[in-house]
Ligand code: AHG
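So this first bit is one chain, no partners, the form predicted on its own, shown in structure tokens.
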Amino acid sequence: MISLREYLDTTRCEEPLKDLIELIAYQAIPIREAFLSNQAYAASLNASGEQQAALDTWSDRHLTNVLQESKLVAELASEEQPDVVRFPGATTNYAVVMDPLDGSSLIQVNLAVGTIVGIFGEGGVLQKGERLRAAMYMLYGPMTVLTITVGEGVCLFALNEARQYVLLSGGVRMPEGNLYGSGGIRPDWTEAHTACIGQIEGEGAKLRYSGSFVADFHQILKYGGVYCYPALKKKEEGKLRLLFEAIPIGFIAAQAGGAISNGRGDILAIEPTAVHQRTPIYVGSSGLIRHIEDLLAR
């Protein structure tokens, strides 16, 4: 079986980037082990004004400390922190964006959640998604699965009994499928989005939605279709964050032959202007994304 490091050694990644990817990937072990003792909600809100689960704050603090101590990261932006964190002692110029625990509200009902990470080279965290050096997520389901791209296609790894990542599949390609999931409460949807969903349902789209972005995207990556969190009547910018969620997941989708859009164009071409900037999201099979853009334009 091919290990994560063996795979990375076949890529064009420089050694410090390989080290950083491995370091982050293996934090899935302590994060997953912390599930049982961090079930409650914290008495705090994150930088986006959302109530934090105890594991949100634990995962954020843990990953921040690990990255600082590694000296492999110069700049960090986290969904759980209001401002960019800078590490003056860093020996590299890598900048990391992360959602430490996506879907944390589902922990108490034992549904799949995950950690989303993007890694930029020089230039800090406020960069277009197309400039990512690597994007990855760790999905905590029946297996702990790592989905990763370093700009050379998408690979899936799983933690085995020896706590080593082994390759499940390489060269992953997203098919044209008919699954869909849409966030937001239906009465809050815009007329355009409501009509769009009605159209693709009429064409055979099947609803699959758990409320965990990373888990819902993973099944789209596997089977094809679209995940969306649209602009809402009172929230034109939607709910999900550009840096922490849209950009890393979108980069993975694009590397697998899929696409990500805000309903009008490619999200990976957007220059972020704020750390907690939000965006509508449509991510999935490239043909379906283009079809949805056409429907919304009407």
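Position 1 is the first residue in the sequence shown; the rest follow in order. Computed from a prediction, not measured in an experiment: that's the story for all the values here.
The protein also exists as the form predicted in complex with this ligand; that form is not presented, and the subsequent description refers to it.
- Contact annotation: this ligand lies within 4.5 Å of heavy atoms from the stretch 98-106 in the model of the complex, the single such stretch among 98-106, 68-76, 134-142, 173-181.
- Three-residue candidate spot 35, 54 and 58; no residue lies within 4.5 angstroms of this ligand in the model of the complex by any non-hydrogen atom.
- Within this chain, residue 268 is remote from the site of this ligand in the model of the complex, having no heavy atom within 4.5 Å.
- Interface membership of residue 212, defined by any non-hydrogen atom within 4.5 Å of this ligand in the model of the complex, is confirmed.
- Interface residue remark: residue 227 is counted as part of the site for this ligand in the model of the complex, having a heavy atom within 4.5 Å.
- When contacts are judged by a 4.5 Å heavy atom cut-off, residue 256 does not count as touching this ligand in the model of the complex.
- Residues of 234-253 lying near this ligand in the model of the complex, listed in sequence order, are 239, 240, 241, 245, the criterion being any heavy atom within 4.5 Å.
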